[in-house]
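One chain comes next, on its own, written out as structure tokens in the form predicted alone.
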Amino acid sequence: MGLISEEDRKYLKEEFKNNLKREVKLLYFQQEESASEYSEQTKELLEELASLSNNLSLELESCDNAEKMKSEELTLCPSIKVKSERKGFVNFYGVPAGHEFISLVEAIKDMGSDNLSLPDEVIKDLKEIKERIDIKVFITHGCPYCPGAVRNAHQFSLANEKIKGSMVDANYFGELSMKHRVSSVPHIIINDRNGFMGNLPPSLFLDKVKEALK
């Protein structure tokens, strides 16, 4: 029996059929030397997802491939980067399980379409940003508010390719969470320095990002 239920498989097939207008690749960097149930289940989940659409594929890479990780601008591993011809940095550090499975599905649909579900004024402000911004959203799998924050980060990247949007599993990357004093989620870190907390509407999320840059 697979990790995705038959009911969900039917739903996702239809969603991908309606939304994936271009090829989307799931690029999964896994820790092969310390292969665990964690990494194997992640691989199985991604394989099941990739089987649901002809426009969706999976590429496996090793965390030991430092050159490849550098070329993809990835700093943590394991990582799942969602790629297509559409510009944008849409990434997951750790496993997007629990509530974050929604974030992964939405990311796939976004990269396979031209969808950008942000207010026009937010899109306009984002396009005016000239500096590079790295947004990391620390989450836990049981947090129902975290997918909204992750979605904001990913959508911001689709609006402006200078912005990188990543989900970070706070429990898996415990040392990094401690470094950034993550005590509740979603906790958003900007350029590995300043940050803020909470699932905010896109306009307020952007205001907080700008504040953190000062």
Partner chain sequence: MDFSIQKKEKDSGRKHFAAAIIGSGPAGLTAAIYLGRSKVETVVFEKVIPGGYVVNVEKIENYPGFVEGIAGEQLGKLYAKHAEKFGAEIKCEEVTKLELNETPFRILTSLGSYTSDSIILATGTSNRKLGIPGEEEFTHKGISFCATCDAPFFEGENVIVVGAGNSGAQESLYLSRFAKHITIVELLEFPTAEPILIDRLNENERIDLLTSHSVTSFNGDKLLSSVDIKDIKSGEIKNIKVKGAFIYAGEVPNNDLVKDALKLDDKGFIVTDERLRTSIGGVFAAGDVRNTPLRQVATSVGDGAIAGHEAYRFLEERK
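Residue numbers count along the first chain shown, from 1. Keep in mind that what you see is a predicted model, and the values were worked out from it rather than measured.
What comes next is about the form predicted in complex with its partner chain, which is not displayed.
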One stretch from 125-133, 82-90, 68-76, 102-110 that, in the predicted complex, holds residues within 4.5 Å of its partner chain by heavy atom: 102-110
Could you confirm whether L12 comes within 4.5 Å of its partner chain in the predicted complex, counting heavy atoms only? yes
Residue-level question: is I4 within 4.5 Å of its partner chain in the predicted complex, judged on heavy atoms? yes
Hey, in the predicted complex, is L158 touching its partner chain, heavy atoms inside 4.5 Å? no
Please run the contact check for S184 against its partner chain in the predicted complex: heavy atoms, 4.5 angstroms, yes or no? yes
Which of these residues, L26, I188, A153, A170, gets a heavy atom within 4.5 Å of its partner chain in the predicted complex? A170
If we check its partner chain in the predicted complex, which of the residues in 84-104 reach within 4.5 angstroms of it by a non-hydrogen atom? V95, P96, A97, G98, H99, F101, I102
